[in-house]
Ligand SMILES: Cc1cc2nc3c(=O)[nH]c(=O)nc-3n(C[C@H](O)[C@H](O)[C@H](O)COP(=O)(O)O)c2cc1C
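So this first bit is one chain, no partners, the form predicted alone, shown in structure tokens.
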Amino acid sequence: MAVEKITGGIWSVGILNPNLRVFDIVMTTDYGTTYNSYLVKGSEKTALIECTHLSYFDRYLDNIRAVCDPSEIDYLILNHTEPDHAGGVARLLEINPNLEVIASQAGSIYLKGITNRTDFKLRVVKEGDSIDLGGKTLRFLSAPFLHWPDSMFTWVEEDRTVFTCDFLGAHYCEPFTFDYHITYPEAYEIAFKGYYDAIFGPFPAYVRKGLERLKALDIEYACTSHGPVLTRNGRLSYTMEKYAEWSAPRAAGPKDVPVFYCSAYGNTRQLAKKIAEGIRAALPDANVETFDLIKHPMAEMAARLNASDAFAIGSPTLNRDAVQPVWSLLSHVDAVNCAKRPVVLFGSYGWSGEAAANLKARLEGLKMSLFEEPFRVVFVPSEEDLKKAEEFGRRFGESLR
């Protein structure tokens, strides 16, 4: 990212990564990302807010030097200590051993493992603590689980600027700093929603609390850790409105009980349809649909599972295991909010039938609520098997009343 002044005494000195296509293994980043970092200069002290990914440290250092000598930085504020924020901290401490690192209590613990050092100046801050830079006051606001336990916001009241860490951000990269320069708004919307779903979707109650904190501030600039800086006359209000919409408590309504499956020869498919019929018989008002996982986008199926009230999942046994699309779906489970989610397992098998047992172990590891033992049949289900499958689904439906 080209160095750019945000407002009086505040500069963006972060890094652009337009070619990144996978972030943290599981997130696709079709539009790249940025590793945002900011310098705040008061009349007496200088603070660096966030560090950067270690891979880009040398270029990052050049950006800092465009504003000040790194040895002149008094404080490093880490609103969050994930390696894309804090990966370069150990290198920065080598250059400036007098640097005082500022973090939350949780962040201070994580930093020791990230830097593999304990011999640096570290100050733990809590809600409402502040640092005076000389005409600029950094005030720290606790923001746990947005999206790690260590997360916090930093507010500079004199410049009406808040540093929101990952909150309100997006994995999106254009060669501009501010939101009013976004050239491809439709692409940004895709990245913005995908980022919320992956990072903040599991924590709606904490999102609502974070929004309340921000609404109490008179914000001109919201400096995120990824994506453009949000502005009062640009996308800031819209962004907060969308977060409020997406994190709102779900209104009471018909239960949603999707039935997911894969089927090599149609046998597990037959079971899926009968189990769905049984659930509908017990819950006539419920939304009960069947989904062949090889025919639907995995992201849509994952969102459907994570938003469900309960679900069923079936797999044949191939090579002594469940099939890959089923494992892929379970790799996207929101483990925080899906704990105790009711679920049933089913499937057809030929020789040994390990799929159901393997899936059961995985779901138990995710702390879900398994209903009865998995329903299994050998090869082609008979008429009696199909009746039993329907009855199995009906019992599951009744348990959800």
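Fair warning: this is a prediction, and the values are worked out from it, not measured in the lab. For every residue, the number given is its place in the sequence shown, counted from 1.
The form predicted in complex with the ligand is left out here; the points below concern that form.
- In summary, among the residues 105, 233, 71, 319, the only one with a non-hydrogen atom within 4.5 Å of the ligand in the predicted complex is 319.
- With the partner omitted from this view, the residue of 263, 224, 142, 247 that lies near the ligand in the predicted complex is 263 [heavy atom within 4.5 Å].
- For the chain shown alone, residue 354 is a contact residue for the ligand in the predicted complex, at least one non-hydrogen atom being within 4.5 angstroms.
- In the predicted complex, the ligand lies farther than 4.5 Å from every heavy atom of residue 154.
- Among residues of the shown chain, residue 350 is one whose heavy atoms approach the ligand to within 4.5 Å in the predicted complex.
- Heavy atoms of residue 267 reach within 4.5 Å of the ligand in the predicted complex, making it an interface residue.
- Segments offered: 365 to 373, 22 to 30, 341 to 349, 53 to 61. Contacting the ligand in the predicted complex at heavy atom distances within 4.5 Å is 341 to 349.
- Residues of 158 to 176 include none with a non-hydrogen atom no more than 4.5 angstroms from the ligand in the predicted complex.
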